[in-house]
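The chain below stands alone and is given as structure tokens, in the form predicted on its own.
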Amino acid sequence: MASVALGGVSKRFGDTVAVERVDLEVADGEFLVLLGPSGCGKTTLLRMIAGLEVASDGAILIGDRDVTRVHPADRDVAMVFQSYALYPHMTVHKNLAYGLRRRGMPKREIEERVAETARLLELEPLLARLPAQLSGGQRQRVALGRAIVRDPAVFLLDEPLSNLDAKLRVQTRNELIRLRRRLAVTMIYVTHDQVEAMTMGDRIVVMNGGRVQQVGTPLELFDRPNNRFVATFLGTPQMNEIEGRLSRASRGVEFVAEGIQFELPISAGSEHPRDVLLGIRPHHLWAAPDAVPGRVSLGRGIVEFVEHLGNESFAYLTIGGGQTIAAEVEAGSTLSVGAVLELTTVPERLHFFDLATGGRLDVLQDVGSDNERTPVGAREIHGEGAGSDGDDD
């Protein structure tokens, strides 16, 4: 195992900047996820760590060794690709052993490593098969095995689950999580899938436009996004956004948008008035027939349709300004189109972003009585508090 450190790493292709001045430290044994949309630079960054792309600027360290200009074969890393990259004419056994033979490892040690890796990944019944005789999930396990058998300092995984169907993706993801715990190795994992990132990573690096937007644990990014991009990229359904204006008021600050007005009793440190985006996750915005005392009310909304997702349901409602937002309702709700509901939330679940820059505004830094900090789920609204454990995350 080894740590990985990037200092001011950039990559340019002609006039195009693919990655711009990334500073990042990956701890020994950490599972770090690089997350972002297509073209954000995450795979390019991974390839620079592997040595498959040469950094235009900056330094890359693996452990205490500067590998910025070191050949890929000499970096002590193993990479798992999206396409599996198995030799079609070789059996599973030969695919696992090939890299070790190329390094001149003694035959006995090769057999021991292949046997141990096959046992770890439950590939023992498949060792005599060719890749064409394997399922997608089995091929992915062989691809992982080719990396594991080398016992590298760092594992690099580039969207390894993208070619699997939904059910197999979940299964293989769980296998990866268990495998990582057993191996206790340093892993850097690239994906555009937020569910993979949130469930697998110790920390997540959110990228966009070649730049790092935020680094943190899954809950840190979800609960306190640095900017509008991170806020809307994470979370399903996507965070609601309401454009409005913050102004000073007698009790603190006042938010005003078309058809919406409320005050927050806080002392705000940022300048006012200013144009802002109010962000509220659908899980933290609750729709009910009546307002709930002690909550922030966004007024009333008209139901357009209800989306049922099994254990949870979301109503999509038109609010005062004519825009549609999503709010949590009772699971399996039979709300009819055109129903009018009150939309409420709690202050600490509100996010404010500067309209011009998209940066986070710490408007709510002073909010917080014990009462307010107990999240309340949809069941409490509809069931008058019965049966809720208070955990809406």
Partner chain sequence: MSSLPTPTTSRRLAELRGVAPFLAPAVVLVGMFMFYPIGMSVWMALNKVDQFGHFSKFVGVGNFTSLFSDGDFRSSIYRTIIWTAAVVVVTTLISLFLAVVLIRRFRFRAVARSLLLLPWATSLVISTLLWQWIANPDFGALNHLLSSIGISHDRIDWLAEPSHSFPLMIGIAIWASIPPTTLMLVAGLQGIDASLYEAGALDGAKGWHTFIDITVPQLRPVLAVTILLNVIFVFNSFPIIWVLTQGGPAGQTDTLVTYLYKQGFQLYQMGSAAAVAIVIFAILLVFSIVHTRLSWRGVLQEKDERLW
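None of the values given here were measured: they were computed from a predicted structure. Residue numbers count along the first chain shown, from 1.
One more form of this protein, predicted together with the partner chain, exists but is not displayed; see below.
With the partner chain omitted here, the record of contacts in the predicted complex names 87-95 of 309-317, 201-209, 87-95, 281-289, defined by a heavy atom within 4.5 Å. In the predicted complex, every residue of the candidate spot (71, 74 and 99) has a heavy atom lying within 4.5 Å of the partner chain.
Out of the listed residues 250, 83, 135, 174, 83 is the one that sits within 4.5 Å of the partner chain in the predicted complex by at least one heavy atom. Here is the short version: of 228, 295, 150, 169, the single residue with a heavy atom within 4.5 Å of the partner chain in the predicted complex is 150. In the predicted complex, residue 113 stays away from the partner chain, with no heavy atom inside 4.5 Å. Although the partner is absent from this view, residue 79 contacts the partner chain in the predicted complex, with a non-hydrogen atom inside 4.5 angstroms. Although the partner is absent from this view, residue 103 contacts the partner chain in the predicted complex, with a non-hydrogen atom inside 4.5 angstroms. In the predicted complex, none of the heavy atoms of residue 335 sits within 4.5 Å of a heavy atom of the partner chain.
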